[in-house]
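In the form predicted on its own, a lone chain appears below as structure tokens.
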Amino acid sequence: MESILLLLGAGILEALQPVNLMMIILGCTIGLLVGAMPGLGSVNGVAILLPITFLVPPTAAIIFLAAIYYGAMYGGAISSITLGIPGASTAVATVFDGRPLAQSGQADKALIAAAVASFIGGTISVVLFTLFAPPLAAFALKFGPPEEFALMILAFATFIGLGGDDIPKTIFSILIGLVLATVGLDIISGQPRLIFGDISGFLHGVNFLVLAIGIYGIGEMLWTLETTKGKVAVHKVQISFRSLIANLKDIKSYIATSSLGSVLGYFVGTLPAAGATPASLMSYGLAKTFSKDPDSFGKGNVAGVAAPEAANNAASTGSMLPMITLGIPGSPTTAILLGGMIIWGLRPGPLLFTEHPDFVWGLIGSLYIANLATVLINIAFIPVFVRVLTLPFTILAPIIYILCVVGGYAPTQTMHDVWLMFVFGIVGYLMRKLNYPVAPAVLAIVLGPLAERSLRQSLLASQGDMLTFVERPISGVCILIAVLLVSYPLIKKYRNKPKANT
């Protein structure tokens, strides 16, 4: 323990070197802006800025890219709350309660909750990273295809409660998302499937951001125009130092939720190919399932903002663990970081800790500083973010529309996805009008490809034996918890029936 603290102290001193500190602050600020821009996200931000880092030493370069990644995790909440458009897939769960809070004039409360929860998630995950890196890396290696599939089932189970008491509508929404997730090329045979005749644009599948931006950007705008009959009131949000202090005092109402989301997010983030998006969605589902007031979720519950934000920040740190200790990227962004490390002659793996301790502990130390820097920068700019809501809707609507089009075009740079985004916007509007939950469909299209790949790999390895999912300890426990979570609303409803009759 003493040796870890000494190495960490040396790492923090390394991160506080003028060049490294400058790169941390610059990276966090750029990351915040990158994360807030719909359709851009941490992956594109890190990839675009990778060539710039050749101007600085390798340690400063990786610290800069890691700071962009960190800042982008914070920034995704900004457009989710202020505009109702997720800045990246990792922030889609933040829209569920962040947007209703902003519409009720509490945007400052939602933004501060997102910033503080992100700080809690980042702090807990960095401490866990420091203390338990080697054992957690070994545990992550035990996750084969059956365990990954069981984890996906667990994620779906946590979202059964998102449809309120109408479980059939929630399941229907999940199934729609799973169908959309299968559009494109078959992962084993390579044959095209569900491409609606011979439309070439569907060969690359349905991009998640296209769906999310369509439903939460275009769909939300259509719904707002209908419900307000075109006369949208300007949101008057008063922001002052006193209100900031008052909102900071509300931390105690969501600190438990944030802590739970942080631990869950870090664990999910350490699993290769899982990443921050499923972590944030699972954290939101768990927060709602175990809340004393689950009906308030989706209507403006601050815990619904805190839980996913804590989870996605913790997952971003967790995804660096397999990258550094095993050379296996835990997310698309860490895959780019891994490429950068190899370019600079740093070979990730267990030997990295002994061959380049200055680099490893300097990077870990920079995460502590980046976490503090990002939360301070974020809170300092909250008055600017809130100003967005004071714009008249006649100005705001075209801005949202343009951001949606840019965000829909950016992932694949094809007009096919832009038209598809408009279709999803209309579908999202109709689903909301018919009281169907859209969040489970979004979850399903994110996790669908991962679940299908794990399922088919497991069945191929076991020669079609379904018992492989319950015979293995980790997957068996995940399946059992999933069954309990699905049963929980039914048992709760059954227990409440006699009380209602009385």
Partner chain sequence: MTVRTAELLMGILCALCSIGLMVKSAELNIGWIEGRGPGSGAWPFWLSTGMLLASLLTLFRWFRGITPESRSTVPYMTRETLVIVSISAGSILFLLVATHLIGIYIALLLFLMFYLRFVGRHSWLLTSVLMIAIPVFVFCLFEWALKIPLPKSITEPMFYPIYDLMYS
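The term rigid core refers to the maximal set of C-alpha atoms that superpose within 1.5 Å between the two forms. Just so we're clear, the structure is a prediction, and the values are computed from it rather than from any experiment. Numbering follows the first chain given and starts at 1.
There is another form of the same protein, the form predicted together with its partner chain; it is not shown, and what comes next is about it.
In short, of 183 to 191, 90 to 98, 122 to 130, 301 to 309 it is 183 to 191 that has heavy atoms within 4.5 Å of its partner chain in the predicted bound form. When contacts are defined as a non-hydrogen atom within 4.5 Å, none of 19, 373 and 381 contacts its partner chain in the predicted bound form. With the partner removed from view, the residue among 343, 203, 256, 225 that has a non-hydrogen atom within 4.5 Å of its partner chain in the predicted bound form turns out to be 225. This chain lacks the partner; the member of 398, 339, 105, 357 within 4.5 angstroms of its partner chain in the predicted bound form by a non-hydrogen atom is 398.
Put simply, residue 208 is far from its partner chain in the predicted bound form: not one heavy atom of it is within 4.5 Å.
Shown alone here, residue 410 lies within 4.5 Å of its partner chain in the predicted bound form, counting heavy atoms only.
Proximity of residue 419 to its partner chain in the predicted bound form falls within the 4.5 Å heavy atom cutoff.
Remark: residue 385 does not count among the residues lining its partner chain in the predicted bound form, judged by a heavy atom distance of 4.5 Å or less. Within 4.5 angstroms of its partner chain in the predicted bound form, the stretch 431 to 446 places a non-hydrogen atom from each of 431, 433, 434, 435, 436, taken in sequence order. Once the rigid core is used as the reference frame, the Cα position of residue 286 differs between the shown form and the other one by less than 2 Å. Residue displacement note: residue 339 has its CA displaced by under 2 Å between the shown form and the other one (rigid core superposed). Once both forms are fitted on their core, a CA shift of 2 Å or more is seen for residue 182 between the shown form and the other one. Compared with the form shown here, the C-alpha atoms of residue 437 and residue 308 sit at least 3 Å farther apart in the predicted bound form.
Note: the CA-CA distance for residue 301 and residue 403 expands in the predicted bound form relative to this form, by 3 angstroms or more.
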